[in-house]
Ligand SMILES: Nc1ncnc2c1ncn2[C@@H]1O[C@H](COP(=O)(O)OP(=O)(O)OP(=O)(O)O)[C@@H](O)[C@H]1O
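Okay, so here's just one chain, in structure tokens, the form predicted alone.
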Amino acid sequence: MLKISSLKKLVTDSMAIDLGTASTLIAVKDRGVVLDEPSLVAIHEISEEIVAFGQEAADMEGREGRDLVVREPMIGGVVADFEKTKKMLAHFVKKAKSGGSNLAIQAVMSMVSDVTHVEQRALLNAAEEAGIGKVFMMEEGLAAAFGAGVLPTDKRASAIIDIGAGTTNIAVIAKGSVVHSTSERYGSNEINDVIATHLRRHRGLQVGAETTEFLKTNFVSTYLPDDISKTIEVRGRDVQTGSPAAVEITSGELYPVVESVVRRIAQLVKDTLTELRPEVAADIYDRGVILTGGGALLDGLDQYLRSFINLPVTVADEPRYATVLGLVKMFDDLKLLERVARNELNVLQNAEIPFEA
């Protein structure tokens, strides 16, 4: 005899999906994070067929075969290529299932706060075509807040700064609702771009995505480094001759390049905090801000922000997973899920999207 609880597990998989520019994270109720892969697809240029997804596609990037190209179907946290996003999501959902292909799946998905109706419909349709029966959409900032430990019952305000690869989301939450939010289609990927541009223009070296990602996560500091003479050898292709080449760079050389990006994010935070109502501002003055998202892991970012906005800055325990863990918590409190997702349903119905309640 099957116990009722195990029977329930057979009937539905409740999934939380954080479909990001750089990574797709999926958590399943009672199982935690089950999938963490790059949001990439490898395509055969002639047949347009997808030959690899996620990590497998990432392993090919920069070293693709002759007719292969690696693409990001999501840009700035929204669907850039519907067909490829749909196939990628279907692949990831299938991978994350707890077995048996006849499981009904319900999912809660995150979206950036300034998402348009068209972008939202694309996300929803991609989810439905990936075989998800019931989809709830939820604001990323609210999910990140719950994932970072903010309680939906807390009446005092908390500020969450979620820095992804393609977006920066700032959300101020009180009593389980968003009281103020700002979103920019601008994130830590900009650091990769400015590093690559600097090396090309000033050092005559062309480098790939893998190299810039390595420099961003292991070498540069977003806060003035203690030792600006620390060096690293960077290898790539000489711009003039096209031959393989290498240059030595210092952390002091890259700091101002990276700081230009970080300053823009910090300025966005500062500007947003000037738009709050007095009581909310008082709460944030006491509590400071919480950093989530992959960008929160950038070396020295919390220090930089602290000195820029003159407020306490803390990094969430698992910043990359804050949003997806916040989303999956929703299945423990369905009333709360109905409340936070409900405001979107009218929007979706107005956008003529079939939604089965």
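Residue indices: 1-based, along the sequence shown. Predicted model only: the values in this text are computed from it and were never measured.
Although not depicted, the form predicted in complex with the ligand is the subject of the following passage.
This chain is displayed alone, yet in the model of the complex one of E128, E213, D81, E253 has a heavy atom within 4.5 Å of the ligand; that residue is E213.
Screening L297, L35, V51, M60 for any heavy atom within 4.5 Å of the ligand in the model of the complex leaves a single hit, L297.
Between 225-233, 278-286, 188-196, 174-182, the stretch whose residues reach within 4.5 angstroms of the ligand in the model of the complex through a non-hydrogen atom is 188-196. The ligand in the model of the complex is not approached by S14, whose heavy atoms all lie more than 4.5 angstroms from it. Among heavy atoms of G166, some come within 4.5 Å of the ligand in the model of the complex. With a 4.5 Å cutoff on heavy atoms, V340 does not count as touching the ligand in the model of the complex; it lies far away.
With a 4.5 Å cutoff on heavy atoms, G326 does not count as touching the ligand in the model of the complex; it lies far away. Along 19-33, a non-hydrogen atom within 4.5 Å of the ligand in the model of the complex is carried by G20, T21, A22, S23, in order along the sequence.
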